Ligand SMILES: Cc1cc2nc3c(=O)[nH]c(=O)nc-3n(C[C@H](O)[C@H](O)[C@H](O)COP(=O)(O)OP(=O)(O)OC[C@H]3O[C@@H](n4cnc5c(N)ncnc54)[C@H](O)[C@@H]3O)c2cc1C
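Presented as structure tokens, the chain that follows is alone, the form predicted alone.
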């Protein structure tokens, strides 16, 4: 059986980018799904948030030096230039996020054009991997594949309906790697019984400031049937383990300035009226002119500035954008993405213990790790 020079497990963002950068090499991408780029197609509401105008290590949870060294070699400017040269000019939306102009298919088509069809093998599920005398023996549902170099780019556990699996973590463990605790991230929170009144507010969105330990996150919060979601909550889930979060539901309001007003409280808080009245009911405060608030009622009202509670949990992997945790980055050489435990074994993207915030950071990470690997391999 012939040994292929490079086998890439996974036809997601990092695997496809690596293939695009290795188009003159002897390589094969093996993909479990019947199509490539399933997660790319559904991301960003079908328009794919490719990257961000401002990308720094601080936008990621993980070893900051490890992240910095990789991002600087293929940052958002280099990625956008690479895409522009191939006819794709992402559009700047939501202040600093780059999306495909019309559809995620535009990005997928750019990557697909760079890769010959013979270099992609679909409907191929990897079962296990062994290294025998310097050659990787990859057992799949379609037989054995031999490779001199193996790149694992199979992604995390999110979006099981799109074929997500834990094979990347299994391979890492089999070769002696440590895996930090895996959790759903960029995902909504479920609620304790004390916050069940939030569910009655489903559909309402409000700008908030959330504090988790020393981390502050600003953005919109969306009340949902299952709990709370929206960009601010999704980013908060990245930094939340267990314990309390604190939400300022009126970040642009100074309550002290309202004390003398003759307007009703619900009209002064600059939040949707239904939300204001729900909070007043929960706090047992009559909706009346602010200047008639008792000192006790005013004290209760300050809870809107620092509403603290512990989420019951998250919506789980079925709703999570990404997987938090992964392969210990101390065990990966960030100059080439190679394992420090097994020569010619590489890991990319979401499999590593690096997770970006909402806003294109995780796709940027996938593309940056692929670039670093391509230059070295």
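All figures in this text were calculated on a predicted structure; none of them were measured in a lab. Positions refer to the first chain, counted from 1.
Another form exists, predicted in complex with this ligand; not displayed. Remarks below refer to it.
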*Where, among 329-337, 342-350, 305-313, 66-74, do residues come within 4.5 Å of this ligand in the predicted complex by heavy atom distance?*
342-350
*Select from the listed residues 153, 187, 265, 172 the one whose heavy atoms reach within 4.5 Å of this ligand in the predicted complex.*
153
*Which of these residues, 229, 149, 195, 124, gets a heavy atom within 4.5 Å of this ligand in the predicted complex?*
124
_With a cut-off of 4.5 Å between heavy atoms, is residue 55 one of the residues that contacts this ligand in the predicted complex?_
no
*Though only this chain appears here, would residue 18 touch this ligand in the predicted complex if you measure heavy atom gaps against 4.5 Å?*
no
*Taking heavy atoms and a 4.5 Å cut-off, does residue 247 contact this ligand in the predicted complex?*
no
*Could you tell me if residue 162 has a non-hydrogen atom within 4.5 Å of this ligand in the predicted complex?*
yes
*asked:* Residue by residue through 1-34, which ones have a non-hydrogen atom no more than 4.5 angstroms from this ligand in the predicted complex?
replied: 9, 10, 11, 12, 13, 14, 15, 30, 31, 32, 33
